[in-house]
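A lone chain, given as structure tokens: the form predicted alone.
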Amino acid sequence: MILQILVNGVLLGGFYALIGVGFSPVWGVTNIINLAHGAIALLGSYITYYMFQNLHLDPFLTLPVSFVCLYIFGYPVQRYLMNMVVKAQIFMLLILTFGLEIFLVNFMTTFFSADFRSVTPEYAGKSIEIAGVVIPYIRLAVFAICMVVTAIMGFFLEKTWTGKAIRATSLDLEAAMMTGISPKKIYSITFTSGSALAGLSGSLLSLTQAFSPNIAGGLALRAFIVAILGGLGRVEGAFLGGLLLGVIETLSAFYIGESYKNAIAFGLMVFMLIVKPSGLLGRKYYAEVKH
């Protein structure tokens, strides 16, 4: 029984890692705590749902569509909304993103209704059993996709010029500008990429559980907690933070009760802030510079 719970927690943690990977760099680079991240993710869920229902397209084939659509959606939001207050105090940024979250939730409630929806392809009930542990094929595929996307994002930030520019901008804005890096361009790439990853995670969410506009806040909360647990701006940290949150949440739901999941998640975040405020792998970027 305990092994089954741990496996379920790891599979859930893979999804949390992906939603945290989209959230953490935006916070680390632009200093924007995007409270609308969960609502943006749900837009991806609805894209997958309606393409599956109306076009009878396999849900996994809708993932690139969600990614591209939310990337396109993120650009005007960042260009014409976030840029207006990107240098403001964090309180103003919180108000703006919270307002965007309310708008998106009400938009989805109006046009899609508040009913819970789910995507159930014909292979939804199939699973594999290993040593008495049942692993649904869909959850295994979702976990694998989350890990691959997380690895690609980590490679992008570590090895590509644009990724290094993003990290440099996060480290020292003025020094980055002196080397020819355009902050506006980097902010745009970071936010739109975060929105695209949120849409991708939302599409994967629709395959594993029922969803409605009302769960947007819970998704944003978990993305925030994963960023705190793993270390701000670090992809590998988001991976470990997501796994940790998934396992702890699954164990607490089984032994304590489903209704205490949010409280346990909050408690885990507070514990991390007390014990290691920088997160599991959080380090200042300047600590990594080699002279």
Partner chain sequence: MINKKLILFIVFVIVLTALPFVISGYWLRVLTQTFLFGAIATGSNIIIGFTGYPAFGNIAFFGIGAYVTGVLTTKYNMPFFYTLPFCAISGIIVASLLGIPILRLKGHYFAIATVGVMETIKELVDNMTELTGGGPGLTLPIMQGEPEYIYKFFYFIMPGVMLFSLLILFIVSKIKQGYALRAIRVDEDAASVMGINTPVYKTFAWAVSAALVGITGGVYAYWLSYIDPHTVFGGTYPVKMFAMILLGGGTTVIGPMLGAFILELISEIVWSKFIAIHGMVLGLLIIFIILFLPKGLFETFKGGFSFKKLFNNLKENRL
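Take the two forms, find the largest set of C-alpha atoms that superpose within 1.5 Å, and that set is the rigid core. Treat the numbers as computed from the prediction; the structure is a model and nothing was measured. Residue numbers count along the first chain shown, from 1.
A second form of this protein, the form predicted together with its partner chain, is not displayed here; the remarks below concern that form.
Between its partner chain and the residues A131, M178, I90, I128, the one pair within 4.5 Å by heavy atoms in the predicted complex involves I90.
Between 135-143, 194-202, 156-164, 105-113, the stretch whose residues reach within 4.5 angstroms of its partner chain in the predicted complex through a non-hydrogen atom is 105-113. Its partner chain in the predicted complex is approached by F98, whose closest heavy atom lies within 4.5 angstroms of it. Residue contact check for I47: none of its heavy atoms lie within 4.5 Å of its partner chain in the predicted complex. For L280, no non-hydrogen atom is located within 4.5 Å of its partner chain in the predicted complex, even though that partner is not displayed. Although the partner is absent from this view, F224 contacts its partner chain in the predicted complex, with a non-hydrogen atom inside 4.5 angstroms. Residues W27, N31, I33, L35 are the ones in 16-38 with at least one heavy atom within 4.5 Å of its partner chain in the predicted complex, listed in sequence order. Core-aligned CA deviation for V10 between the shown form and the other one: less than 2 Å.
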